[in-house]
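Take a look at this one chain, the form predicted on its own, written out in structure tokens.
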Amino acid sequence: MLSPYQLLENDEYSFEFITDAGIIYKIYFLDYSYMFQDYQHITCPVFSFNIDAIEGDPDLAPGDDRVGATISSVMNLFFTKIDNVAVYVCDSTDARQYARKRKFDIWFYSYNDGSLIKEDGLAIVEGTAIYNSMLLHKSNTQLTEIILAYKELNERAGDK
């Protein structure tokens, strides 16, 4: 298994790392609980999971499997709190959302040790397909309720 890049921990929910090609990535989690505000019975902290290249252009760099290993190590840190929930929304502004979904799927299936569950969603908003995924620890006590709410949110996405 590949070793992850060294992480710089900005805070409990924000990390940075630099690749061998000089790309600097920021991985961070933001409060996403407002999306579940209609589901008062869900008490787990829900976050959006984000990955940004803050310096350099990943499209110009060669493929780097250590990026996936590094993201996996961040997820392992995040899910040491079993009740945490992470939602990843594939950016659709450049019409490359399906490529992002594929990459995220590859990382998940390559590095998941079996402790996490991934639920995939598709929201149609103004004719645009927005791929998203939710990650939960399989021991999360509200697993079923959260998955049902997530599915309903995706179904209702275009209603707003």
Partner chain sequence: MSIGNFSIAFILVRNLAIFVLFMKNKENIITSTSSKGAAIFKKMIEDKKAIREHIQKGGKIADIKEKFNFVKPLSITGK
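What you see is a predicted model, and the numbers here were worked out from it, not measured in a lab. Just so we're on the same page, rigid core means the largest C-alpha set that superposes within 1.5 Å between forms. Residue numbers count along the first chain shown, from 1.
Below, we refer to the form predicted in complex with its partner chain, which is not included among the displayed structures.
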Exercise for the section: Give a yes or no for Ile54: in the predicted bound form, does one of its heavy atoms lie within 4.5 Å of a heavy atom belonging to its partner chain? Expected result: yes
Exercise for the section: Using the partner position in the predicted bound form, report whether Phe17 sits within 4.5 Å of its partner chain, counting heavy atoms only. Expected result: no
Handout entry: Touches its partner chain in the predicted bound form: Leu77 (any heavy atom, 4.5 Å)
Key = yes
Exercise for the section: Determine whether any heavy atom of Cys44 comes within 4.5 Å of a heavy atom of its partner chain in the predicted bound form, and answer yes or no. Expected result: no
Handout entry: Three-residue site Asp91, Glu126 and Glu152 fully in contact with its partner chain in the predicted bound form at 4.5 Å by heavy atom
Key = yes
Handout entry: Within 4.5 Å of its partner chain in the predicted bound form: residues from 21-41 (heavy atom criterion)
Key = Lys26, Tyr28, Phe29, Leu30, Asp31, Tyr32, Tyr34, Met35
Handout entry: Core-superposed comparison between the shown form and the other one, Asp11 Cα displacement 2 Å or beyond
Key = yes
